[in-house]
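First comes one chain, alone, set out as structure tokens in the form predicted alone.
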Amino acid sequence: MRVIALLTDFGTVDGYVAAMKGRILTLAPQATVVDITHDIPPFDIRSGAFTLYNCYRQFPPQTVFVTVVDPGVGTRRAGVVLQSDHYVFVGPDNGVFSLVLQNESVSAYHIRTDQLPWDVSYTFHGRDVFAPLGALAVANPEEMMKYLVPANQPLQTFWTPPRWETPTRIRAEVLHVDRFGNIILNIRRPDFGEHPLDHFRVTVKGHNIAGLKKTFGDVRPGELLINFDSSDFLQIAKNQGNAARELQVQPGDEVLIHL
């Protein structure tokens, strides 16, 4: 029994998620449908990308991830199906798979929406395009391939790699702010290689935070710290507080890392 995992910014009040599940279960009644979340902030592609990246590797092989954070629905933006050795990803080609693409080697296909043999609304591709294609990925992959064409241009991405300005200074940026106010940066533990991290310091919005910690409780309540999160991204946090609020930081802001 294969899993179809849903991630959207639809919320659970208006029945949009239920409509997607209805389409999926009609085409793939044998599928197990799992909700990752439907509380991504509206139109927040970065948040959707980070949330997907944080959890997708915990799912069993051959899970299909239908991910719909789609402010460009009905425009010329393409829909995409990505197939890796272990997973399938279905959603808009708007950057929501940016972090998956940093971690997975994929075969990428654009969806031929105009060839789908059912009605497609201009405003609800979650129900009319991505949910049915995700269901076909489970129930009838050969049928799904009829509506795909190999992507002949680079996929959309917002990913910006950190920049080493000197051997001891890196210019990074804020990738994501989670609900606790933790500030996740666009650099992971492996990016530092064998470089010693004994004199670690970050500068953001005129504030300096020094010393690399293992966890929140390594500092007193209310103090700022730097550590690696559960996905190995470097983050700035505040023990039992909101670092982003204190530092007035938002995604895209620059951070200097001093080694």
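Think of the rigid core as the biggest set of C-alphas that the two forms share within 1.5 Å after superposition. We number the residues from 1 along the sequence you see. Nothing here was measured: the structure is a model prediction, and the numbers come from that model.
This protein has a second form, the form predicted together with a further copy of the same chain, left out of what is shown; the following refers to that one.
- a further copy of the same chain is not drawn, but in the predicted bound form it has no heavy atom within 4.5 Å of T203.
- Among residues of the shown chain, F180 is one whose heavy atoms approach a further copy of the same chain to within 4.5 Å in the predicted bound form.
- I209 falls outside the set of residues with a heavy atom inside 4.5 Å of a further copy of the same chain in the predicted bound form.
- For D35, a non-hydrogen atom is located within 4.5 Å of a further copy of the same chain in the predicted bound form, even though that partner is not displayed.
- In the predicted bound form, the residues of 21-36 lying within 4.5 Å of a further copy of the same chain by at least one heavy atom are, in order, K21, G22, R23, L25, T26, P29, V34, D35, I36.
- When two forms of a protein are overlaid on their rigid core, residues whose CA moves 2 Å or more are considered shifted, and G217 is not one of them between the shown form and the other one.
- Relative to the superposed core, Q248 shifts its CA atom by less than 2 Å between the shown form and the other one.
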